[in-house]
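Only one chain is shown below, in structure tokens, and it's the form predicted alone.
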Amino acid sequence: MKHFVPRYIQITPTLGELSWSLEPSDELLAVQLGWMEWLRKETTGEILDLRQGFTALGIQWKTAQSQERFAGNISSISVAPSSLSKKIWEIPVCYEHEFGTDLGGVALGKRMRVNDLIDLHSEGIYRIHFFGFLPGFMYLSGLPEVLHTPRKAVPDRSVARGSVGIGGSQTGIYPMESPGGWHILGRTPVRLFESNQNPPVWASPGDQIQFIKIGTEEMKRMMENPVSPTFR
């Protein structure tokens, strides 16, 4: 695990970053989650905020002294990776044209049949690394390379809540209406973020996601009677 030893950078007197010069992977995610668990346990009361990225952890310290103490001791800290969740959330998605407005264009650009593209996207198992961009927005790994697609040159002014899209090397779900530059393949009736719930999101980093194809009638029925996601 020697190559998983992070580099620590002090950005400001109270802001620092643990970073890894590695590609995102399950192994790296397990290491990151291990560090987050260690920091929450061993630096209780010294940290204001922890922010996770694909290959970094941002740490906002309460005081400059806390950061100096951590930076001075980091070479002697040994952290065990966390065990990644085996939970797979099944998210219903309607890929019909009414909801997958960019599906035909993406298929044409890749010289694929629409149904083949849908099958490829829905058969994948995607890993949640962290949340960001919007409340409840999942940053996922696992999109098949053939589906990697540059983001739109001109973003859409409004993308509907629940829209499932691809952009760059990622797929994701818009948890609320928002501008966005990803190519929309479908939509889910499942709500990703509920501000009045505790916690407001039902999944956690390390969990996995699989998209389950549903038809238009089932989609409309679920939109009228919201459903909770299920997992296996």
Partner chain sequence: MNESKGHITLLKTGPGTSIQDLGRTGWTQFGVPLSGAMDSVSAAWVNHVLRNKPTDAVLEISQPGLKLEFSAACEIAISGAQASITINEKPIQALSQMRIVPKSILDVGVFDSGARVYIGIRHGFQTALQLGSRSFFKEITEKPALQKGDVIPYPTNLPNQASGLSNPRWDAGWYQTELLEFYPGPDYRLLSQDSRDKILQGDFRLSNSSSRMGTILMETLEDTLPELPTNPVYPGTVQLTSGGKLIVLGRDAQVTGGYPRIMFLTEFAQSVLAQKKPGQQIRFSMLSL
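Numbering follows the first chain given and starts at 1. This structure is a prediction, so every number in the text was calculated from the model and none was measured.
What comes next is about the form predicted together with the partner chain, which does not appear here.
Stretch-level contact check against the partner chain in the predicted bound form with heavy atoms at 4.5 Å: of 131 to 139, 107 to 115, 82 to 90, 69 to 77, the positive one is 131 to 139. With a 4.5 Å cutoff on heavy atoms, Ile214 does not count as touching the partner chain in the predicted bound form; it lies far away. Contact annotation for Thr55: at least one heavy atom lies within 4.5 Å of the partner chain in the predicted bound form. For the chain shown alone, Gln210 is not a contact residue for the partner chain in the predicted bound form, no non-hydrogen atom being within 4.5 angstroms. Taking the partner from elsewhere, His148 is found to have every heavy atom lying beyond 4.5 Å of the partner chain in the predicted bound form.
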